[in-house]
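Have a look below at one chain only, the form predicted on its own, in C-alpha cells format.
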Amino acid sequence: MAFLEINNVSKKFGTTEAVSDFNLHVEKGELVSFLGPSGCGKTTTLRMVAGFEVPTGGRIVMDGRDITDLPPNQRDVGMVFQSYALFPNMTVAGNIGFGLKVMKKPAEEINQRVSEMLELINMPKYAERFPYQLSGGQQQRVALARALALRPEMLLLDEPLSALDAKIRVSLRAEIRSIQQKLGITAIYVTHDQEEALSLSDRVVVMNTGRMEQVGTPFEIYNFPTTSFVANFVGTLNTAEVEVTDPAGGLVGMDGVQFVSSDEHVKSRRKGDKVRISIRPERFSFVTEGEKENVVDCRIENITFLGSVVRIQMTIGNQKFNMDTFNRPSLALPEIGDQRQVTCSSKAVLVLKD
C-alpha cells in the first residue's frame, strides 16, 4: 500500500470543475511535484490533501488512514506557502517553535527542536533576529523549519520559491531537496516552473485544466511526453503533423520528407492515418557529426545564441524546426540560407497520443 493515496478526487466550485478524477499513489519518502500553468488545479489538489478544501468526490488516504474529511490540524502534515507567513513580532526561534508552543510541548523540548531546525537550515546564528532583518531566501528557510519542527508525516510546499529571484531559487531548491532526502519525509511540491520540477522530483505530475496529463520520472516526462500539452509545456519541442506511410516499417511522411520512428504507436496505426510527431531540438545534429537513421535536407533560417546553447532554426519540407547544439569554440556554424543535411535517430521521433 502506498503512503498517500488520492483516489478519484474531484473538486467543483459552483459549476466549475477545478479538479477532475485525480488519481495518484505516493510512496513513503518520495517527492512528487505537481507541474502546470496557473489555473490547472495543482494548488487546489494540494489544498485538498492539506485539508483546506473538501473534495466534491473521491477519497484521500494517508498511511492507511482516511483523512478526506479530517480538519488540517488532525492530518499530521506540514505546509510551506508561497508567502512566508512569518509572525513579524516574533524572532526566528519564536517562529520556528510557535507550533510546538501551541501544542504545549515542554520548554526544554521546544528549545532543543528549534536548535535542531536552525542547524538543519544552516541558520544557527540567526535565532534572535526578526523577519524584517532577513532576506527572502532566509525567511523561506525559516518557514520550512517551522513546518518541519512539528515532525509531520508529510510536507506540502505550494510554490515556495516563486517570490525569490532566479539565483536564490536554484540554491534553495537544492537545499529543500537535500533536507527532504536527509529526513526521508514524503513531500508534494507545487510549481509552474518546469526546471524546478525536473530537478527536484522523484516523479512529476503534469496537470492541465484540472486533469492529469502524464505522470512519470523527470527523465520520462522530458524524453517521452505522451500528449501535445506535455510535450510543449515541458522544454522546447518540434511538432509536426505527418501521414503514416508504412506502419510496419515505422515510416511517416510530410511534404515529401520521410522520417522513420521506432515508436510503437506508429506500428499500431494504419497507412494513411494522420498523426503528430515530436522531436526535441537537441536530438538533431548535422550529418557531418555522425549519421543516424533519419537524414533529411533542410534550409537554415536563423541562428540564435543562448549562452551555452546555440539554437538553429531550419525548414524541413515546409515546416519550421529548431536544432540545439552546445556552444563551443570549435563549433562551425552554417550561414543563413545554407542548404544542409541534418540527422536524428528513430528513437527521437515520438508519436503523441492526441
Ligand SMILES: Nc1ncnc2c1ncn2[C@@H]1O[C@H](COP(=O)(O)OP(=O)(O)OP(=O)(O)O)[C@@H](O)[C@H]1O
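One-based numbering along the sequence shown. Keep in mind that what you see is a predicted model, and the values were worked out from it rather than measured.
The same protein also has a form predicted in complex with the ligand, omitted here; what follows describes it.
From the list 56-64, 312-320, 43-51, 298-306, the contact stretch for the ligand in the model of the complex under a 4.5 Å heavy atom rule is 43-51. E159 is the sole member of E196, D263, E213, E159 with a non-hydrogen atom within 4.5 Å of the ligand in the model of the complex. Only one of H192, R129, K105, K267 comes within 4.5 Å of the ligand in the model of the complex through a heavy atom, and that residue is H192. Proximity of A18 to the ligand in the model of the complex falls within the 4.5 Å heavy atom cutoff. Taking the partner from the other structure, the ligand in the model of the complex has a heavy atom within 4.5 Å of a heavy atom of G39.
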